[in-house]
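Only one chain is included here, represented as structure tokens and corresponding to the form predicted on its own.
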Amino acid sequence: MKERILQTLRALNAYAVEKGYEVVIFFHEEDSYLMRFANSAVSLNTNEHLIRLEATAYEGRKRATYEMITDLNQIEAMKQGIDFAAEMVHHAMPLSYDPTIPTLKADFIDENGYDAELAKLSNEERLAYFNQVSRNLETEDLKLGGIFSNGTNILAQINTKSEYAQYFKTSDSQVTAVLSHQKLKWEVIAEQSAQKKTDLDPEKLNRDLTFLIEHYQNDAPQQLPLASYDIVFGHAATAEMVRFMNWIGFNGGLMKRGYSFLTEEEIGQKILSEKITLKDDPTILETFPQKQDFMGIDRNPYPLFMDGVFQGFIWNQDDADEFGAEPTGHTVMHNSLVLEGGEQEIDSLQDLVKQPREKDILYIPYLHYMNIVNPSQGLITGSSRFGSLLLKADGSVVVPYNVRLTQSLLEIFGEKVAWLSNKTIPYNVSNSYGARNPIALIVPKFIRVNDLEISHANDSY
């Protein structure tokens, strides 16, 4: 299949050269599978195989793109799509800058992130996995929900500047399991990201859900008073906050457009806690990385914050063209963000609950409905959900109703950081809508931030 894809792209590229076009041809193929659960039953079981071809034509400062759903047998239709893009570009409004067309120096093929056993999981295997996750947990009141998504993603590119092509192939899986109490309306969650089949561990999810259910069934619920709390964030909450930093923090183009809480003057300055080291690391397969960007720049670990010191912005080629910056190898579908762990030896929620404590600690594993309040201040908001616990100083545990945090990322990852766990974990943030684009971040399992205020507290589940 790889050779056929590359052969097709080269034939299309030769056609565009013959016609005198300046064109970038982008190929995306996905083989996607989704099993969804609701009310302790399979509510949806589907799969799709899609091929997208995108032709972007250039004419000086003009640029136009035509995208189509196709298959490899439709070579004439794909040529027609290239013709459409070449015709559209005549009528496009010119950009305010000169866009760069990649000039690839050699073929680049990367299939290291592909595991056929994960990509080709059967319905029986997906169902068996969920049965293990929910073993001995479902009752008349506790119902299982969630998703099991897995598949293959292929990206390839060629353009009329050279005869060379790029080809990337990855496998991925994203699992979310939720147990919901039908009467009391509380929910607990366990999730897993996988790059290969051996990453799948349903027994771990079963242990995590069992532990939370025991507390939710046996500990008293409580509306928390509005106040400041020492908060331990689980890896899901941490990953989502880092993902928001990816948007409104160190993206150079968004900074120039006024949509960042960082400035060029802050490069080299200590902005976050010295405990925070964040980088983009395409060597980590669990992040579904792209080891060369679409401009042909080889991608290596790229520091963003080192011991809290801001190292600089990332620049994709188009933003670099617009604002006169140097591209940093980030013309990619997604980054491969890694927040390094700390020194705290806490490997599980069970460890956290057993740990002696001098004051109450609010544990928030998951932030729901997160959004940006003010990007220039790094201000975000989100509600706790799916398994929060209040760990009392006297050793007891209370189940808090949902609370809302409205805080700046500068404060959350600033001097109030008390510790990060030494163990890290991949967390999948892939969107199941649109073209398949598997994304995962590597973050500590737990991070403690002291003295954060909650802005709202629910009085029920």
Partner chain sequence: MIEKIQQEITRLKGLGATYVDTRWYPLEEQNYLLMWNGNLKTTASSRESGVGIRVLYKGAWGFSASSDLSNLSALYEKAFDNARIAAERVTFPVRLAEKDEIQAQFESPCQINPFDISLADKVEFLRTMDEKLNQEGVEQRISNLNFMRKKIVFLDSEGSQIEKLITEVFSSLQVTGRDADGDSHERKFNLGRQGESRGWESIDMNIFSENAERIVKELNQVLVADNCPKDDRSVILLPGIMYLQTHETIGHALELDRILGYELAYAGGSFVTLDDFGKLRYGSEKLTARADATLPNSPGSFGYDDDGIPAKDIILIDKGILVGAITGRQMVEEANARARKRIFQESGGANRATTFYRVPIERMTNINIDPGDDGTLDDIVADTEKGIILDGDRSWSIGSNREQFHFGEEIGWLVENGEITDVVKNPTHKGNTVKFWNSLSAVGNESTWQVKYVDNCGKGQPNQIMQLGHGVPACRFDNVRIGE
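What you are looking at is a predicted structure, and each value in this text was computed from that prediction instead of being measured. Residue numbers count along the first chain shown, from 1.
What comes next is about the form predicted together with its partner chain, which does not appear here.
Proximity of Phe27 to its partner chain in the predicted bound form falls outside the 4.5 Å heavy atom cutoff. Using a 4.5 Å cutoff between non-hydrogen atoms, Glu67 counts as a contact of its partner chain in the predicted bound form. Using a 4.5 angstroms limit between non-hydrogen atoms, Asn402 touches its partner chain in the predicted bound form. Mapping the unseen interface onto this chain, Gly324 falls outside it, with no heavy atom inside 4.5 Å of its partner chain in the predicted bound form. This chain appears without its partner; in the predicted bound form, the one residue of Pro375, Gly341, Gly113, Pro102 with a heavy atom within 4.5 Å of its partner chain is Pro375. With the partner omitted here, the residue from Gln269, Asn300, Thr198, Asn73 that has a non-hydrogen atom within 4.5 angstroms of its partner chain in the predicted bound form is Asn73.
Using a 4.5 Å cut-off to its partner chain in the predicted bound form, each of Leu44, Lys185 and Gly258 places a heavy atom inside that distance.
Segments offered: 301-309, 174-182, 206-214, 286-294. Contacting its partner chain in the predicted bound form at heavy atom distances within 4.5 Å is 174-182. If you take 25-60 and check each residue for a heavy atom within 4.5 Å of its partner chain in the predicted bound form, you get Leu34, Met35, Arg36, Phe37, Ala38, Asn39, Ser40, Ala41, Val42, Ser43, Leu44, Asn45, Thr46, Asn47, Glu48, His49, Leu50, Arg52, in sequence order.
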